[in-house]
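Next comes just one chain, in structure tokens: the form predicted on its own.
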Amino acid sequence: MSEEVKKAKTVDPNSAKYMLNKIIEDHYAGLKIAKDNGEKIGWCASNFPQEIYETLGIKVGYPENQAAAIAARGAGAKLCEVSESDGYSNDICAYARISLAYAKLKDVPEQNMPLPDFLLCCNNICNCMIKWYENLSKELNIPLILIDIPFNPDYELSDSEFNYVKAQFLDAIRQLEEITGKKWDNDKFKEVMENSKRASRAWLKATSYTQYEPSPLNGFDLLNHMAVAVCSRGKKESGEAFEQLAKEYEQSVKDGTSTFRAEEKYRILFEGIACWPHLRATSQGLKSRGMNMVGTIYTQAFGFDYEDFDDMIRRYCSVPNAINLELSRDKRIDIIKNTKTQGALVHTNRSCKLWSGFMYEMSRQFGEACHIPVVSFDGDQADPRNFSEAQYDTRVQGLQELIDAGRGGSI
């Protein structure tokens, strides 16, 4: 019997880990089944309104999730090099390079996914998404549906921006009805909305358990569980799985146990997307020093709690990368205070120019407001060539020394 089979047999089918893993397995299997049955399937940006396609009963895959999985399993550099050999700059997002390479190769054993019949893009993440999906549309000769959500320079969402985006939500529904032949059903939307709210609330509750000292979880666990929040929020089983996850964390608080397999000496904010090719190195570099990631805005970005269709639109206009520096800063200050964070480790992510570009000023502001040290390291979410473990280790050590100095210790 293989080690993988032995491991699988020891996982409790009622555990959150088993339930969450099964949702992801079913997600990819459902895509293949739909494609094999002749249904039209799509590829979708992570912050495109999931409720639209879920209500219409359409299967979609997520190139960002796929690229992260490919990178985590060691094939990120190989696929990036394929795109670069086709003329794509190594300065663009590694997720985009991996996705464009996959569309060309069509078979990557680290994580296969059926090719799409249409594309769903939303630029509330970044404008690189537009060019990435435009190129996929051209290379695969398939239609692209784009929802343009402008960056909001103000603290509140204006009526004019709301009306502009709402018109696009309605038009996206119309276009999908034409492409797939499926029809919108308001009752079905209400069901999907309730599922999404249930899953989001349970997900946010689970992430909130990092406020306890010590935390009942290794914060890096959330980076793995987050995939379900991205691709399956509108399904009933996602809410059930996240509720189970929250129950397990609650029990761990009562029992005094934790999935962080070390003494929690330091509590830090990890800012930015994970370095998926170097997840073990980045996690171990913290754990070896007793540092637990108890704060991050990244996982909270996929908790969508709203009351109706219009409120849903406002929520999609307020994801972390679509809001101004002041509001972004205040959200991080809240996280730092709620989790009693002692320092911040900032991933200067070569792939994510928007996020990293304003992080220098934002981290200065939240660091000063909360009186915590902030240290950054260079890396990449999916291209392993842009990360140095030696540099990372030096920066983490520096953060530890700065926190100790704040406690009255010496550097």
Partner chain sequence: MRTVNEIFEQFGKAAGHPEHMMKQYLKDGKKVVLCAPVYTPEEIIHSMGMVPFGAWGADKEIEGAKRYFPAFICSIMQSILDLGIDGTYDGATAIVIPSLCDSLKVLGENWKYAVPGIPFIPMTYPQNRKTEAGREFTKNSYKRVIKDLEKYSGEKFSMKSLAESNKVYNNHNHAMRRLSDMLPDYDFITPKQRSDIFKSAFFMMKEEHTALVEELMEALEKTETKQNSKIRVITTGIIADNSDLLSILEENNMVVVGDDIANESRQYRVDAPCIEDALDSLVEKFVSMDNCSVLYDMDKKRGDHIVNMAAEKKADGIIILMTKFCDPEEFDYVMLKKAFEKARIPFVTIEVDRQMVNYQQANTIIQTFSDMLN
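Numbering follows the first chain given and starts at 1. The model shown is predicted, which means the values in this text are computed figures rather than measured ones.
The discussion below concerns the form predicted in complex with the partner chain, not included here.
Heavy atoms of Ile33 never reach within 4.5 Å of the partner chain in the predicted complex, leaving it off the interface.
Contact annotation for Asn324: at least one heavy atom lies within 4.5 Å of the partner chain in the predicted complex. At least one heavy atom of Asn123 is located within 4.5 Å of the partner chain in the predicted complex. In the predicted complex, Asn65 stays away from the partner chain, with no heavy atom inside 4.5 Å. Exactly one listed residue, out of Ala96, Ala274, Leu217, Ile268, brings a non-hydrogen atom to within 4.5 Å of the partner chain in the predicted complex: Ala96. When you look in the predicted complex, the only residue of Val108, Leu144, Val82, Ala246 with a non-hydrogen atom within 4.5 Å of the partner chain is Leu144. Every residue in the set Ile92, Ala167 and Tyr360 has a non-hydrogen atom no more than 4.5 Å from the partner chain in the predicted complex.
Exactly one of the stretches 24-32, 346-354, 56-64, 38-46 approaches the partner chain in the predicted complex with heavy atoms within 4.5 Å, and it is 346-354. Contacts of stretch 107-131 with the partner chain in the predicted complex, defined by any heavy atom lying within 4.5 Å, are made by Asn123, Cys126, Asn127, Cys128, Ile130, Lys131, listed in sequence order.
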